[in-house]
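Given as structure tokens, the chain that follows is alone and in the form predicted on its own.
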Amino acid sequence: MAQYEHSEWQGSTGGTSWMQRAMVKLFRFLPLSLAYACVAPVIPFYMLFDRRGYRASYRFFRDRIGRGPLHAFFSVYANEFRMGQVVVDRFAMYAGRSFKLDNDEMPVFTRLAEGEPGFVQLGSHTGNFELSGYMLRSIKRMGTLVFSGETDTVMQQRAAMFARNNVEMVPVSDDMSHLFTLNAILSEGGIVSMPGDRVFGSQKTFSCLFFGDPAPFPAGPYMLAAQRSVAMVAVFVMKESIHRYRIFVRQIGENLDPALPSRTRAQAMAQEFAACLESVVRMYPTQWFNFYDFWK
């Protein structure tokens, strides 16, 4: 599923495989509240030493959310702390712990998952999108695009969790062969899961209005859905409490004229996703894990 791009937090997910394996064993009995308490005093060090991430997060709360200087400062802390909780929850899942998923909007996903055609599922760097791959049930084969940067331990744990739900990881490859795999999955009526809010160095982007200003969104996921004429849904899994998450499912491009050129439809879908992402981030501003200037 979508991968978080915060280098310090990537390191904090274990640093080395043996530490990560120890964390998985520890979370089999360690109360989550105690694990969260251990995270809290570490946050100021990230705020102090990751100046780029701190400034980007602070400007977001000041300029986009409209909070005062002191409120924005504590919002950055809350943002980092939520990120730490998500990391803890990921390892707790690896250890066999479960979370309650409030899913009032699941009929949208279920209708598409039980239909014959394949579709594209969009994730984002909000909440805990990875949980959707562990907890959403579908008889369809799902291929989820993953990026490098995690250790073998994390990848092995992910693969084991995903396998229970007929989900397979599709690593991004330099030769672009992952695109053939994703297209094959769609052709078979499966689901392709991709992040819809990160460019990852690609020059192919759509400029979308986001929090009042144009921002680049990756063209790839939207062009794939438009060219293949398949449905698209956005899934957001947001943390509500220690043991509870809420899922939001939004169908993207449902009302677009299929006669429009594919690029026009793709641009419209990207803008629709940007609007959905903004609405969710406004509801959960400390759960958007974006630690760089999104608008540049």
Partner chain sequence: MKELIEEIKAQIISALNLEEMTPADIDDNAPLFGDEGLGLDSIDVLELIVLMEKNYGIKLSNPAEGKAVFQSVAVMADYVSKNRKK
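Residue numbers count along the first chain shown, from 1. It should be emphasised that the depicted structure is a prediction, and the values quoted were computed from it without experimental measurement.
What follows is about the form predicted in complex with the partner chain, which we do not show.
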item	value
In the model of the complex, the one of Leu209, Ala184, Ile139, Ala159 near the partner chain [non-hydrogen atom within 4.5 angstroms]	Ala184
Residue among Arg228, Arg67, Arg246, Arg55 with a heavy atom within 4.5 Å of the partner chain in the model of the complex	Arg228
Stretch from 68 to 76, 92 to 100, 219 to 227, 118 to 126 whose residues place a heavy atom within 4.5 Å of the partner chain in the model of the complex	219 to 227
Contact label in the model of the complex: Arg263 to the partner chain, heavy atom within 4.5 Å	yes
Partner proximity in the model of the complex: Lys204 to the partner chain, non-hydrogen atom cutoff 4.5 Å	yes
Non-hydrogen atom contact Phe180 with the partner chain in the model of the complex at 4.5 angstroms	yes
4.5 Å heavy atom contact, Ala163 to the partner chain in the model of the complex	no
